[in-house]
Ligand code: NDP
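Here's a solo chain for you in structure tokens, the form predicted alone.
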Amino acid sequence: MTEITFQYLVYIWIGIAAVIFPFLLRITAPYGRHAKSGWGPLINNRLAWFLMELPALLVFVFLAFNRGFNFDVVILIAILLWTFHYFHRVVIFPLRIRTKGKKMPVLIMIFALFFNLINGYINGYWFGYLSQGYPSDWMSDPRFVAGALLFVAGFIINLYHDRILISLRKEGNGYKIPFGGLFKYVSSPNFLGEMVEWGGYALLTWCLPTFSFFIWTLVNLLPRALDHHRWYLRKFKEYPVERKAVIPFFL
């Protein structure tokens, strides 16, 4: 595949994200706290997380290592960061979540699996086949430095607030209002962290495929955060009204 053809395909992928974004704002995906009947067969929630995240790890790594080990340092860092994130999502996160007895519609899992397959392919193919690499001074470029800091900060924000949510589930008795950290300002700081993380990744790699992933991260997580926020407000009369959904003081 030529680089021009590949770029056209990525632009189409971004266009699909723009088209489905309004629909995601209207349709609440029926899993987790939003689970409901009528969406077909169900699968164990923990198994579903493992299966639907796995393609993003396997496909990306398989394609990215098409170069063998002939990487410049920046591409190697990009591969390691991606692998680090998705190893956590595929192996560690499903083991940590407290979702005993909960199930997810198979249809939702298939949608997520398809997204991760395409996303892993686009980014893995870029780094493994088309990227011409980075200049020797790229790691001192402000885009790389800021992007790396944002990636690390976003991952820590996501991990820390996931831990708060998981600890609440350990206590039993259903859902509770989360407090601590950025929960003071927003209902879904874990989603905020993931958006910051992949925004940083797009910045430090400075290429169209990783930018497309950042766009898709916003398209997937902004509607979900708004759904969570409305759910909290409906369920808890005492829910802090000053909190926003996902972006402090703004949204």
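Computed from a predicted structure; not experimentally measured. All residue numbers are counted from 1 along the displayed sequence.
This protein has a second form, the form predicted together with this ligand, left out of what is shown; the following refers to that one.
Proximity of 137, 143 and 204 to this ligand in the predicted complex is absent: no residue of the three has a non-hydrogen atom within 4.5 angstroms. Residue contact with this ligand in the predicted complex: residue 93 places a heavy atom within 4.5 Å of it.
Put simply, residue 212 is far from this ligand in the predicted complex: not one heavy atom of it is within 4.5 Å. Remark: residue 32 counts among the residues lining this ligand in the predicted complex, judged by a heavy atom distance of 4.5 Å or less. Using a 4.5 angstroms threshold between heavy atoms, residue 162 counts as touching this ligand in the predicted complex. Contact annotation: of the candidates 130, 106, 97, 117, the single residue with a non-hydrogen atom within 4.5 angstroms of this ligand in the predicted complex is 97.
The contact with this ligand in the predicted complex, taken as any heavy atom within 4.5 Å, belongs to 221 out of 51, 63, 42, 221. Contact annotation: this ligand lies within 4.5 Å of heavy atoms from the stretch 175 to 183 in the predicted complex, the single such stretch among 175 to 183, 144 to 152, 121 to 129, 72 to 80.
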